[in-house]
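Okay, here we've got a single chain as structure tokens, the form predicted on its own, with questions on binding and movement later.
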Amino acid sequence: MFAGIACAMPLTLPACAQVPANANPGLRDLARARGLTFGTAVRSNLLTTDAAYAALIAREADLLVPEWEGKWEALQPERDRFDFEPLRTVLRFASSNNQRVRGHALLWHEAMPAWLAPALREGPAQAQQILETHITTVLRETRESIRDWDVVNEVIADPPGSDNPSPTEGDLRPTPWLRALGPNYIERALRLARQADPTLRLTFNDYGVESDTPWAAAKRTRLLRVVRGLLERGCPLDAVGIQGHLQMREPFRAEPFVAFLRTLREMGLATLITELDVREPDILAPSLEARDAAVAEYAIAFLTAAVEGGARTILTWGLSDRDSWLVQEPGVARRDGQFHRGHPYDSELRAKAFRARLAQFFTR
């Protein structure tokens, strides 16, 4: 969900980004031994300028997702002028560390360059051409290096009661794409992606379906209705990504979430956790140790249900609190002056209880 940052990036990778030969098993290895894939979102500028960050990513992650480098604002800052160098930086890093990369995101209503929204208002024919050019050009570039893309991201409307309820009665979030192309814009994007890369895994990515609340239940229903309609119309779709931006102030119960994932699996779709992190509650535990333990237990309860429901891929939205959108984004940052501790590593890149519990989870 983080829109990202643009920075100048050198072309060489720090030598210490390689995993030390004598290192204890990283999370990537522990997860693989259980038949799971563990990964994280990354920023290309940090991979090339922060040796400690790069070494941590190389050690812990099997799968990388570019936090900003695959979004419209990064890839097509001006109409028909594409810039793949930041994304290539991520791909080079992954190649040098025996990692894979998944793409994020071909169609989203955020991280749009300044030219895009006005161009979409010029009519459906213009909008269709823009969409086709972008998807075709990007997938032609990444065909040999990325085999899974979030083709559509955050298209389901938020029901009443959620953080940002959508001003609509329908299932789809009101966006410039919906206004320009109508409700079949999702199907258009998926069909364009399949045409551009016939063997690519096409993923439908969304958030807000995890908790045991009325609004999460309503959003699960909306997502299932939209996905079922796509499949009934013969639209290509391979997987559903559950972002997993968890909020501890909301109750979590395994049964409805597992049932939701199993319904998706019964439709023939893979499921994966794509953006896991944890927002702490308004009232914090009395110590950092207690806070970290509570975050870890909440996250592991969610992941236990996710794996029970059939998810086999788990990505965190960053590995450390230092680089998290939970700290940098005002809309989700704490208002009491404290910082969320919702990642496996703290702001000094020290492992926390979340990391320890992940290791236990992958080895049990």
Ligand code: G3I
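For every residue, the number given is its place in the sequence shown, counted from 1. As the structure is a prediction and not an experimental result, all values here were calculated from the model.
Keep in mind that the form predicted in complex with the ligand is not shown, yet the notes after this line are about it.
A single residue from the set S162, S211, T175, Q243 has any heavy atom within 4.5 angstroms of the ligand in the model of the complex; that residue is Q243. For the options L192, L116, L224, A111, the one in contact with the ligand in the model of the complex, meaning a heavy atom within 4.5 Å, is A111. The shortest heavy atom separation between W68 and the ligand in the model of the complex is within 4.5 Å.
At the 4.5 Å threshold, heavy atoms of W317 reach the ligand in the model of the complex. With a 4.5 Å cutoff on heavy atoms, R28 does not count as touching the ligand in the model of the complex; it lies far away.
Looking at R220, you'd find every heavy atom of it more than 4.5 angstroms from the ligand in the model of the complex. Contact annotation for the candidate site: D62, T304 and F362 all lie away from the ligand in the model of the complex (no heavy atom within 4.5 Å). Stretch 38 to 46 is the answer when you ask which of 38 to 46, 291 to 299, 333 to 341, 54 to 62 has residues with heavy atoms within 4.5 Å of the ligand in the model of the complex. In this stretch, 24 to 39, not one residue has a heavy atom within 4.5 Å of the ligand in the model of the complex; the partner itself is omitted from this view.
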